[in-house]
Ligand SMILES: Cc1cc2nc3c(=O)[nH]c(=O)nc-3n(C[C@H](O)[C@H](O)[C@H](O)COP(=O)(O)OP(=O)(O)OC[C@H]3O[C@@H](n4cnc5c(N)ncnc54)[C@H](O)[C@@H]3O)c2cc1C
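Next up is one chain by itself, shown in structure tokens, the form predicted alone.
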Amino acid sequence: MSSNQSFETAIRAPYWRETVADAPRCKPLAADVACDLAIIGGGFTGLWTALKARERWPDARIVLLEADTCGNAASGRNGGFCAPSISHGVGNAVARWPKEAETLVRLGRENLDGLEADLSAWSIDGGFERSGKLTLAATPWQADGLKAMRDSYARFGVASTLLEGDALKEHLDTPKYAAGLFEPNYALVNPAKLVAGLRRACIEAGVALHEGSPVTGIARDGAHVRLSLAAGSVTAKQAVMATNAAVSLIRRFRTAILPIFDYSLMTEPLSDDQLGAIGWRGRYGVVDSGNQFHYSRKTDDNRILWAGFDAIYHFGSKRDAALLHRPETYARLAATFAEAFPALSGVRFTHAWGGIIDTSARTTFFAGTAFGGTVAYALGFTGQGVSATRFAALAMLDMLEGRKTERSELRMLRSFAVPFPPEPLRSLAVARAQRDLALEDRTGRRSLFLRGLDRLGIGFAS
């Protein structure tokens, strides 16, 4: 079977949906209601915010409004990599926020521990497994980068092991990669199970959850916030905007993120012999070191997720549903899978899907308040939100309470998010950055354009 044929019959929907039972859809809002806290968005950010708000305010009336169904967007379409980081990794913390890097690394590790504890406390089966991550290098300069990463990890007390030769083959046997760095303190989740568990916990905790309820407007109403919907409205003392990659209800944030499309393939279940042929014996996730990088992991039934590499931006920041599928990217992913794992030639892909990443120019999320402190927001997770959304929820609740905490006072959260330029400059800049990033992958040389962006604190990643 050719790589181009291997995905042609694939189901065009996230595999994760098949791992959870269908739940009755919560009724849309169809009346005017008042509440203490209104949350816009039913993905990870909104669900974590609702749950942690209930813990803080046991008697509060909390309303969560989701335009479609909870987890239908990015939260249900990602690879489930659950990092011990809130800053897009240790290296990004050091490069962009050197004065608070130590704090960011510590808070990221504490956040992953807190997430695991919350899943236990609320009896949520999110498919959580702290099985580690293997980062791979395909070129000499990428291998040098892994050594630098190891040294940086050691500086902050992050455990890791450099793997080469037979040691690497014991973790993954592939002709494409020559070195690897294994970090044990890294987790994976099943995105659909995590959404379903958070959703159930919110409902059982008395959160009024309304699906099929898109918010069309937000405005001050005296000392309150008023949310407009097609049928009904919500008047709230405070609100949280957890809409991430969707078009922001607050205009000034519409240039703060780019909607970048990312795509995934999922194989059929593999046998122990097939997995043994590529040396993948553990349950750890796998990523590579390229700017155009792949990420991969196993499922409970030993399928392999193969995703990433292409990061697609569409002129005018289009978010059309039809763009969630891209045959040319599926073909490219199938070809790179065959290149990485020739021992798995002929393996069929059963699912193919895309999702949108809310990419910020600083590659980390940012958070703050608007409307005189009555509305909190967090967005720009740049493909690293599975664990960071929980931290963002806690930070937003701190801000709404007016509390100065270690979370709420982080410069990483509060510093200005550099806006992307208007079209057509936006598309031209993205295309130029992508071209130069691909060139760096091939040559190891960073262009003058990319070095200039580095000096300005602007990045392009997912």
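Owing to the predicted nature of the structure, the values given are computational and were not obtained by experimental measurement. Start at 1 with the first residue shown and count on from there.
We do not show the form predicted in complex with this ligand, though everything after this point is about it.
Of the residues given (72, 131, 233, 139), 72 alone sits with a heavy atom within 4.5 Å of this ligand in the predicted bound form. Residue 386 is the only one of 386, 115, 240, 258 with a heavy atom lying within 4.5 Å of this ligand in the predicted bound form. Interface membership of residue 65, defined by any non-hydrogen atom within 4.5 Å of this ligand in the predicted bound form, is confirmed. Using a 4.5 Å cutoff between non-hydrogen atoms, residue 107 does not count as a contact of this ligand in the predicted bound form.
Shown alone here, residue 198 lies farther than 4.5 Å from this ligand in the predicted bound form, counting heavy atoms only. Contact annotation: residue 364 falls outside 4.5 Å of this ligand in the predicted bound form, judged by heavy atom distances. Every residue in the set 41, 77 and 81 has a non-hydrogen atom no more than 4.5 Å from this ligand in the predicted bound form.
Annotated contact segment (heavy atom within 4.5 Å of this ligand in the predicted bound form): 44-52, selected among 432-440, 44-52, 23-31, 401-409. For the partner-free chain shown, 242, 243, 244, 246, 249 of 231-251 come within 4.5 angstroms of this ligand in the predicted bound form, judged by any non-hydrogen atom.
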